[in-house]
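Here you get one chain, nothing else, as structure tokens; it is the form predicted alone.
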Amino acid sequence: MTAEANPEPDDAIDVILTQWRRERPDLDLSAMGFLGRLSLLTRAVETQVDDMLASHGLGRGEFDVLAALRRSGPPYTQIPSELSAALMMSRAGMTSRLDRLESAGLLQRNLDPADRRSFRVTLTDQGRAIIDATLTDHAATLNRLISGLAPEDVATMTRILRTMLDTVT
């Protein structure tokens, strides 16, 4: 039941909306409720994903690099600029991530035989094992988080979120 139809607040967002509607009845606050809940949901999902990643010894940034290499297919190799572009981050930020992952033995950097001014980043066997195990747990975590939704609700939300992203980006 929505806050509009129910005089009793259902959650913390409803409390805030009820207060604002009392103080500013002239404003349409429907977006505030929707986006406030979306923000709370995002934080809750990020916390659970971060906890799962930490159980594998990874942070979100390290996971992203390993996942980009793994999904690139054999031989699981890219140049740093390709990784930076795929992850929408600066080359300087990428260098520090690569340093940490290389120190952990999860990837290696070798000179590019086609262009000795550059190097290639390759997932090691250990890195592949870590990303495969982590991705398995990541998929399970995400599926658990949406397990209370019917498949048609997931499809509807996906369509709505895709439309919203097209609108704001």
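In this text, all values refer to a predicted model and were calculated from it rather than measured experimentally. Heads up: residue numbers just count along the shown sequence, starting at 1.
Although not depicted, the form predicted in complex with the DNA is the subject of the following passage.
- At the 4.5 Å threshold, heavy atoms of S118 reach the DNA in the predicted complex.
- Contact check for G61: a non-hydrogen atom falls within 4.5 Å of the DNA in the predicted complex.
- Contact check for A86: every heavy atom lies farther than 4.5 Å from the DNA in the predicted complex.
- The DNA is not shown here, but in the predicted complex it comes within 4.5 Å of a heavy atom of R91.
- Heavy atoms within 4.5 Å of the DNA in the predicted complex belong, among the stretches 137 to 145, 97 to 105, 46 to 54, 122 to 130, to residues of 97 to 105.
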